[in-house]
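Next up is one chain by itself, shown in structure tokens, the form predicted on its own.
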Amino acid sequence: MAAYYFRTFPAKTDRMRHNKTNFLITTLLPLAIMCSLFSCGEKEEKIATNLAAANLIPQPVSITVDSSAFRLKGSAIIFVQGESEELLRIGQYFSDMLKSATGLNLPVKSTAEVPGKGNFYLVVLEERNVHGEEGYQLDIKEDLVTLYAGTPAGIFRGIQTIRQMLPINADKTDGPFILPTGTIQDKPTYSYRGAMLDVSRHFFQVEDIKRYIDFLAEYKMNAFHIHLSDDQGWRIEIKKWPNLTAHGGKTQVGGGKGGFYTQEQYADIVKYAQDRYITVVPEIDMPGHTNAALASYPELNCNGKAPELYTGTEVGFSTLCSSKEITYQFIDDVITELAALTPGPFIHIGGDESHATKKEDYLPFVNRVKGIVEKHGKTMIGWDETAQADLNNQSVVQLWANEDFAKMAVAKGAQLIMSPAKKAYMDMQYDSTTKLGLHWAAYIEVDSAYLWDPATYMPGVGKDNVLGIEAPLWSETVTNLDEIEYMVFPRLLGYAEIGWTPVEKRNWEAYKVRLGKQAGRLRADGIDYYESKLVPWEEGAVKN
């Protein structure tokens, strides 16, 4: 810095040079050093200690700022209350996350007492259930970070909040690792907050599925809907009906080789999701979208003939034969095996676009399948067409297209999962220049994906009627993980905030700034995201 000032003030005489040199050495240089140690540091500290400026997504319910900082050091320990194996597992997940962000390898220990200074403390207390099943309270003080919740799921959600306060990449920083002090009290608006992935039109490997689940977990979503069967492919092993995968699983859109998940692989996916407090919702679409099944077992077809395997993208031409008893034995066998593998409460039966099924056949079919699902201890979810069947207050209908059907479901006491195609379908193109995706429902730019409220989306349906929100990704044009990422990000973050954050705290102008600040994190995670021109992406983080 001294050399800079010498160049700035050229001396005209030796005396002037001498005086200015003394002035620089005795006055400006110490001031510059002090600035680097204090003044500039104070500016950085002001940013680091403002908890409200943490650019969190989803936006928490309540943030109280304390204007100080917790400094994370390598000597820190992650303590969990008591001897709970579940909490210890979450603690290790937290430790792994911290190591990725900071390079620090913190041990995880159980304790019966409040730990000493400089540590983390994860606590489950029943009285913290005021924040709900997934809510939490995060207290960050100068000497201790304490995360309270009424359940382990709440602890896991709170850890995701801490994750967004940490450095983006340990390879790019040596610290200090600072968390601004204050208190966050937080809980979700909706109990169901999910995303769907269609693995039938194009097949995706187990590791890709796990990556997708991680995307959901990092933004506090809690449901993963996996579309396991369609005209183009059957993707889950059913031991009583092995030809479903041996024949029906061997192709996909465009004629690729397809694939399927063994029951062991599916169980591994379910366990991976469970460890992240995400419920897997498997879908076996019926009575339409069933060409792969009909090609595998011609007795499921009314004419007893097996159609050719299908690799196109048309819909509405296939149907199970609803008048044959073998059809219901088939469904019972499939649901029996799938329910045994799926600990979550839901089985999705599809029910959409069954144009080849007569209405007088469709309604009795859905009613009977609903009974089969309930016999196995599960709640049936169906697309909005299933609202025409005999539903009750234990039923769930997923809106995608027909608002009249959704209102019919509510009138019958059913709850809704809100997935309106023109707002929530992640396979819709962002605009007319987007190379992937379709646009039959709408172009869905990032603002359009964010600017809607499930509780006021349509007249006659209020928040009490809505179980939650889900953003589906159909895979007609999506063939690999990079393409999944491009269609999902950054819209997924907006859907996560719609599901979590109270509507009165959601604002597009503020949200787009927070979203822009996520750019560096998305890049560090290797995510191929869409650079919407509506978002002020963080300088230096926008891709070329």
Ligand code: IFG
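From 1 onward, residues are counted along the sequence shown. Nothing here was measured: the structure is a model prediction, and the numbers come from that model.
Omitted from view is the form predicted in complex with the ligand, to which the following refers.
Note on the interface: of 79-87, 92-100, 187-195, 347-355, the segment with non-hydrogen atoms within 4.5 angstroms of the ligand in the predicted complex is 347-355. Looking at the ligand in the predicted complex, residues 230, 400 and 440 each place a heavy atom within 4.5 Å of it. A single residue from the set 474, 362, 261, 148 has any heavy atom within 4.5 angstroms of the ligand in the predicted complex; that residue is 474. Interface residue among 235, 202, 289, 157, judged by heavy atoms within 4.5 Å of the ligand in the predicted complex: 289. Contact check for residue 315: a non-hydrogen atom falls within 4.5 Å of the ligand in the predicted complex. For residue 383, a non-hydrogen atom is located within 4.5 Å of the ligand in the predicted complex, even though that partner is not displayed. Looking at residue 427, you'd find a heavy atom of it within 4.5 angstroms of the ligand in the predicted complex.
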